[in-house]
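Only one chain is given next, in structure tokens, and it is the form predicted on its own.
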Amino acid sequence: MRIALGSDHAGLCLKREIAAQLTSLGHEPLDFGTQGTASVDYPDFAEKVARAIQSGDCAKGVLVCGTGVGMCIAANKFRGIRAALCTCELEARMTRQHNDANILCLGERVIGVELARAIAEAFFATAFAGGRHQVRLDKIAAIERGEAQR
């Protein structure tokens, strides 16, 4: 699976760790930056990853910043993107099963490398359950199109 990766300066080290892990699991990570420790703006990288998924170039993505919160907020502004900030394996499994999340957000300053690896493994190993959950995703898509029920 092609997986888009992005981080700001505060998530660079963890992004590199996750990229190596994804490669070892047989995935193809594509790194959309940043590549250095100079201060950069996280929305720029959230946009690159979201657009790679929207275009179909990548199936899923991983975004990393200091807490994961900013990346998650920015990524969720793009139609069809369901980014989830996960701090444990259960959240990673549930957001894939129930929400069909397509971007995993992580916070380098919040979780350690081993936990982040476990979260990423759970996220990418878990399939969407469909069924009643698809109805809910359809409602989210309607909201994105401005067709939400009042």
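Note that residue numbering begins at 1 and tracks the sequence as displayed. Predicted, not measured: the structure shown is a model, and the values here were computed from it.
Absent from the display: the form predicted in complex with a small molecule. The rest refers to it.
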property: Contact test in the model of the complex: residue 104 vs the small molecule, heavy atoms, 4.5 Å; result: no
property: Partner contact for residue 42 in the model of the complex: the small molecule, 4.5 angstroms, heavy atom; result: yes
property: Contact flag, residue 33 vs the small molecule in the model of the complex, heavy atom cut 4.5 Å; result: no
property: The small molecule contact in the model of the complex: residue 29, any heavy atom under 4.5 Å; result: no
property: Contact assignment for the small molecule in the model of the complex, among 59, 111, 69, 118, heavy atom within 4.5 Å; result: 69
property: Segment assignment from 5-13, 20-28, 138-146, 122-130: heavy atom within 4.5 Å of the small molecule in the model of the complex; result: 5-13
